[in-house]
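Taking the form predicted alone, here's one chain by itself in structure tokens.
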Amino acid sequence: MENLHPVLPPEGNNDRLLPDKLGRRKFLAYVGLAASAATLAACKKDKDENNMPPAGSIDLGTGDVGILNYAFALEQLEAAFYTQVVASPYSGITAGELALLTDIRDHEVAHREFFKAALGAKAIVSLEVNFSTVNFGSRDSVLGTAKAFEDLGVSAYNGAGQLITDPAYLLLAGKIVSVEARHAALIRDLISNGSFADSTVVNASGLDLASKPAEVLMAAKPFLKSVLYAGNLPTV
């Protein structure tokens, strides 16, 4: 049995990884996992024989570790996007919009750093992103991309929940997807007030949509230079 403990960097070093005023303790309190973060453990044995990933690709891994790396990859993408948005605000951005987008950036960076610390040596490498199709000077382009990322993130966590076996990880995913859903609702209302829960994301039963990892990674692929391999992730 292999234990996976979130070995967090020393207090000073960890704080510099996060945006200003977003330290480790603040984030752990924010997600409500201050107690469980130190005891997260993956007791699922890796498969004896993995599918071989293509040369040059990044294997997300197997079992719960693979699902955490899958989430880590998505959080890397979102964090990189909002970091760029805040660093070079689009034309005509209001102070209110900038403040809201900065909050989202801080959340996504916190999510990214949490997964990185929790996975430790099992974490995938930092990904190379490709935002060449995004016009960061255009409100429509930025918010349209943000909407795509947030809707994708919510459906990704919804779809991955059934693949997680460790209750602690499932709790973590539930806490993060609820934040992602808040982001999605906000971005949608910035684009068109009242569209926060329309039929494109909520079905006739009042449930959010769920997507399989393969579908999510295909949608994210245009925004990544890095090539991800999900062939060893668990399936239902």
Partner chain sequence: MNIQNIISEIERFDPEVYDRFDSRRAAMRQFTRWGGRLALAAVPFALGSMFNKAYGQSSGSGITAVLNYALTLEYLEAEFYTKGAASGVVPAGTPAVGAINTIRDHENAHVVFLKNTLTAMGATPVSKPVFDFTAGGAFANIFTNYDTFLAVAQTFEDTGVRAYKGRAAELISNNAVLTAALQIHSVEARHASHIRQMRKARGANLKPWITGKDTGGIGAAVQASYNGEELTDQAGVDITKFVSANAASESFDEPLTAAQVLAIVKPFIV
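Positions refer to the first chain, counted from 1. All of these numbers come straight from a predicted model, not from anything done at the bench.
Beyond the structure shown, there is the form predicted in complex with the partner chain, which is absent from this document and is the topic of what follows.
Heavy atoms within 4.5 Å of the partner chain in the model of the complex map, among the stretches 123 to 131, 78 to 86, 137 to 145, 162 to 170, onto 162 to 170 alone.
In the model of the complex, the partner chain sits beyond 4.5 Å of every heavy atom of Ser57. At least one heavy atom of Ala184 is located within 4.5 Å of the partner chain in the model of the complex. Contact check for Leu100: a heavy atom falls within 4.5 Å of the partner chain in the model of the complex.
Interface membership of Phe114, defined by any non-hydrogen atom within 4.5 Å of the partner chain in the model of the complex, is confirmed. Residues of 201 to 236 that come within 4.5 Å of the partner chain in the model of the complex, judged by any heavy atom, are Val201, Val202, Ala204, Ser205, Gly206, Leu207, Asp208, Leu209, Ala210, Val236 in sequence order.
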